[in-house]
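Here we start with a single chain on its own, the form predicted alone, put down as structure tokens.
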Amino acid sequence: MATAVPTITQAMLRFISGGAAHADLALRYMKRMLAHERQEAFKLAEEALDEGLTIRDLYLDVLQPVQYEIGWLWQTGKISVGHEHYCTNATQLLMASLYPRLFRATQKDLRMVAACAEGELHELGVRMLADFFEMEGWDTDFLGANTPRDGIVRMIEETGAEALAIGVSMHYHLSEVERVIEAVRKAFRGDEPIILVGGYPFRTVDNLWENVGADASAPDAASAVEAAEALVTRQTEAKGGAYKHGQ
């Protein structure tokens, strides 16, 4: 039985524009995914890497905008939840296969804990962010979906992480994000890691990250790394060059 393929036009798209870097590859990758042609989508990505595309650019210019687009198409009723789940899980498989390529020879002696707030089941965005930090020389501890508050606090205690990233896809999980941030700040009382938040709600409401008590948010993974490193540097300098907890 043939798979029903949704008809997607350029007018429906919000994140993949014709002028963007590698937009054609992103669009072809997304269309293969929506056609349930996972292996063909993987082949497109692998061929692009073989031809010189970097893992960094694959994440930034292909996988990230495609995932944003898939979420947008689902939220606007252009594709089904089945399509969204298939595309998300298939991209996670691709990312897992690419993981050995992420590591850099030069490490920065910086660590991040990345997690979804309790109740949040969409983990691909924060997983992508954690992978990108790995590419940029950080060590990361990715805790995945639906992580309890005390589990996040305990992991920070155990690792001495300089940064915490919290992902959320739905507005109704924002109250739990606030509670996580409150719990972290209470546990470390001024000696906490810098806290980044991200996900769909933070792309739709200006300065929402401030309202939940975070230190920053960013429109993409590269900007998140820049923000985290700038904040960690500022925090270290404010402490007279001394490292934080766990160092």
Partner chain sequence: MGSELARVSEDTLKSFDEVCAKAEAAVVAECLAADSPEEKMGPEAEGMLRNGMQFVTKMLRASMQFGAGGILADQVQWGKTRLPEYGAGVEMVRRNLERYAEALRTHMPAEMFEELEPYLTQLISGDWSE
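Positions refer to the first chain, counted from 1. The term rigid core refers to the maximal set of C-alpha atoms that superpose within 1.5 Å between the two forms. This structure is a prediction, so every number in the text was calculated from the model and none was measured.
Keep in mind that the form predicted in complex with its partner chain is not shown, yet the notes after this line are about it.
Residue contact check for residue 40: none of its heavy atoms lie within 4.5 Å of its partner chain in the model of the complex.
Proximity of residue 75 to its partner chain in the model of the complex falls within the 4.5 Å heavy atom cutoff.
Using a 4.5 angstroms threshold between heavy atoms, residue 208 counts as touching its partner chain in the model of the complex. Contact check for residue 149: no non-hydrogen atom falls within 4.5 Å of its partner chain in the model of the complex. Annotated contact segment (heavy atom within 4.5 Å of its partner chain in the model of the complex): 76 to 84, selected among 134 to 142, 155 to 163, 93 to 101, 76 to 84. Checked against its partner chain in the model of the complex, the residues 184, 48, 63, 212 give one hit for a heavy atom within 4.5 Å, which is 212. The partner is not shown here, but in the model of the complex the stretch 161 to 188 reaches within 4.5 angstroms of its partner chain through a heavy atom at 170, 171, 172, 174, 175, 178.
Residue 14 shows a C-alpha shift of 2 Å or greater between the shown form and the other one [criterion: core-superposed Cα displacement of 2 Å].
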